[in-house]
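Below you'll find only one chain, the form predicted alone, shown as structure tokens.
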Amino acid sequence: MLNALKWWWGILLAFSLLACLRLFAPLPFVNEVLLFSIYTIGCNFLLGRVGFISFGQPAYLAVGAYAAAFYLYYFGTNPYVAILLGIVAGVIVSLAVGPLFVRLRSDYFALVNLALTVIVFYLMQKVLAGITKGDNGLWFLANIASTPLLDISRADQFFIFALLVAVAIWAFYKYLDDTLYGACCLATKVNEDKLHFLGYSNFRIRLLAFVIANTTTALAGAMYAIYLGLVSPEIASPARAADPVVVTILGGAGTLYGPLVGALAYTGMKDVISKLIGNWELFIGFLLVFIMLAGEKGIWGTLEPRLTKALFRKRDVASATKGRASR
């Protein structure tokens, strides 16, 4: 029981604090933070654990969003089925392009994913305009049916659903970090020759990581579609290809809570600074330069060891005080 509580307490604390934020912050802001953090965690896993810098996340986001949108616009009304189809579409596309992409490293992987984003954007905007309605997008908010228990067509209940999904995703990635596979992912980033010498396949490890990360991104896309009630080619805009990478670095690449902290900071600064200056991205750029020069740890990567040290110090002081009292 104590081991289970120790495993879960960090995740439950993080999302309990986010739930408390709902009491003070507007509902759209908190929903956006949740969705953006789910969107970013796949990029964080690829960059922090496998060493892949991906500028293709908008493409996989669009795959999940359009799979959900096509179902709700043309075929059905159940939002849960739409989300499931978004996940399936993410798996299929990741398995289709993954065997080619994961053979590339460094700049080539980043560029080929950026090219995929451009391709998906123009497919949805021009080539498939008869189905996607081009720049006008697919509007299906009125088509989403109410569902029992959690009616995710309503923003307040969508928040509860998104919170539960985020907790499950963070638990899954924490589990991955603690497994042998998670160690292999880190090893393929640090020294792939030694990993190959031990008998592991770098290709299979990277491919599975690629599928997991981009399926998570497709899930975020399907949830965006349900929440907004519309999907347009703008969701795959190449101009926003750097956003998940920026949030990953901002929060702390490779850290479990980096995407959550980065999404909260990025969304908060966007909402506040954009009211003061038009080019709010300039401030984000200066902050990223500072983070990179300070050691590339990000906000959470810098705070985590200090918070852990402070926590253990209090625990040691409490144990010492208890020991003296017992004497």
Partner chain sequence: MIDAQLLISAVIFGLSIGAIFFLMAIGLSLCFGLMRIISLDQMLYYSLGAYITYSVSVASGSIALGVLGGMVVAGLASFAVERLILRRIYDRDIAFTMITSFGVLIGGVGVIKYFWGLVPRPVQIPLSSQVTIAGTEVPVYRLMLIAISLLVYGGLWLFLNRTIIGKAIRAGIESIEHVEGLGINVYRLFTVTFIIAGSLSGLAGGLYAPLIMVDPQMGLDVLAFVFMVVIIGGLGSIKGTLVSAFLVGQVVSLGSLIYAPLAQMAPFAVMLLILLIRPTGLYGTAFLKR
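Positions refer to the first chain, counted from 1. From a predicted model like this one, the values you see are computed outputs, not experimental measurements.
There is another form of this protein, the form predicted in complex with the partner chain, and it is not shown here; the text below is about that form.
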{"property": "Partner-facing stretch of 48 to 56, 27 to 35, 298 to 306, 64 to 72, counted where any non-hydrogen atom is within 4.5 angstroms of the partner chain in the predicted bound form", "result": "48 to 56"}
{"property": "Proximity to the partner chain in the predicted bound form, single hit among I212, I83, V245, L256 (heavy atom within 4.5 Å)", "result": "V245"}
{"property": "Contact residue in the predicted bound form, chosen from I160, L114, L186, I92 - any heavy atom within 4.5 Å of the partner chain", "result": "L114"}
{"property": "Contact flag, V127 vs the partner chain in the predicted bound form, heavy atom cut 4.5 Å", "result": "yes"}
{"property": "Any non-hydrogen atom of E281 within 4.5 angstroms of the partner chain in the predicted bound form", "result": "yes"}
{"property": "The partner chain contact in the predicted bound form: D135, any heavy atom under 4.5 Å", "result": "no"}
{"property": "4.5 Å heavy atom contact, Y122 to the partner chain in the predicted bound form", "result": "yes"}
{"property": "Residues in 82 to 111 with any heavy atom within 4.5 Å of the partner chain in the predicted bound form", "result": "L100, F101, R103, L104, R105, D107, Y108, A110, L111"}
